[in-house]
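Presented as structure tokens, the chain that follows is alone, the form predicted on its own.
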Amino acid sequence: MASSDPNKLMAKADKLTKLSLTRWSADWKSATQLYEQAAIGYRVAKNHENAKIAFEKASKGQEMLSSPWDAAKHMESAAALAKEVGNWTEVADFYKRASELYMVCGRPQPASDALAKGARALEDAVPDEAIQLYTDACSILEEDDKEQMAFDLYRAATCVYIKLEKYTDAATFLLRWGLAADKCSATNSQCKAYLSAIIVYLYAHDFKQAEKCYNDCSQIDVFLRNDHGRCASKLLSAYSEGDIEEIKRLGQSSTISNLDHVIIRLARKLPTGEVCALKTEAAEEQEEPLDENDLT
């Protein structure tokens, strides 16, 4: 009867992969089976560190056996165990490697999913790395013309940016979502993303950028004629007029109530800065400019 002691299984597997005077080629097939058995044994015993190492070696073995799909699966298992032991660098590296292996199989969806799993695992501990993984996961689906499959990823990345108070980046990602929604004719999602971006700019008290964003998005007829476009227009008008009550009323409107929760929370805190100054600026811009040559 074969030993079920994972330590002995690992030692035997390691021996099968090392060349010596009596072993001129590695027996990766037998070694990989032993690594897999050891990994399961360690995991059952809740020895997460050793289980992680065993799955990583099992993944390498499946690669050597030209089985990238199984290699990717084992790498994901190693990544999940790296999370258990709090090794955030390995969490990122292992999920990235799993994604690469899925791409070798010509499978962009699981490749994107692997990066998304890594991003979710890293959101609290290493949020900047999480954003990068979400971004890469989106890129894989965009390149495969599967933008609609990426909507949850755009949403997740935006939430992390907002938690980090990186509002310009959040708005930029929302505009990227809007463009992706446009490509797959998801009109409602497109208009929601554009209105959300404008709200984020207003929350960051960047009225000029919010106005520019609205003007750019208004070039798209479907947004201009949509409830979301009209809501954005009313918001900006209320800001220009310094009408705080109208801003607060719009923040409670049904159009905004149907946006994502993180955006609703921002909208209901508007206005965040001094809006009277905007009214003064708007009035000054409408005044006739001074003619420097006419000093009479």
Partner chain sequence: MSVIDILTRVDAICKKYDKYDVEKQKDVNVAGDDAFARLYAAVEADLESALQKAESASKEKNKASAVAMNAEVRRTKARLLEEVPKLQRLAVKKVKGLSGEELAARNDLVLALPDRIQAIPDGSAPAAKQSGGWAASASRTEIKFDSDGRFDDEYFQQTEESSGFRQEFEMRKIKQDQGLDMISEGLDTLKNMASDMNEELDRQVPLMDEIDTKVDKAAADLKNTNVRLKDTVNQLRSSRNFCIDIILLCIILGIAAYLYNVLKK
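On a predicted model such as this, the values are computed, not experimentally measured, just so you know. Residue numbers count along the first chain shown, from 1.
FYI, the form predicted in complex with its partner chain isn't displayed, but the following is about it.
When its partner chain is considered in the predicted bound form, D152 lines it closely, a heavy atom lying within 4.5 Å. For the chain shown alone, S77 is not a contact residue for its partner chain in the predicted bound form, no non-hydrogen atom being within 4.5 angstroms. Contact annotation: S139 falls outside 4.5 Å of its partner chain in the predicted bound form, judged by heavy atom distances.
By the criterion of a heavy atom within 4.5 Å, N215 is excluded from the residues contacting its partner chain in the predicted bound form. When you look in the predicted bound form, the only residue of Q148, T135, Q209, N87 with a non-hydrogen atom within 4.5 Å of its partner chain is Q148. For the options E241, E246, D27, D227, the residue carrying a heavy atom within 4.5 angstroms of its partner chain in the predicted bound form is D227. Three-residue candidate spot Q33, Q37 and S67; no residue lies within 4.5 angstroms of its partner chain in the predicted bound form by any non-hydrogen atom. Remark: of stretches 156 to 164, 111 to 119, 97 to 105, 187 to 195, the one touching its partner chain in the predicted bound form is 187 to 195 (heavy atom within 4.5 Å).
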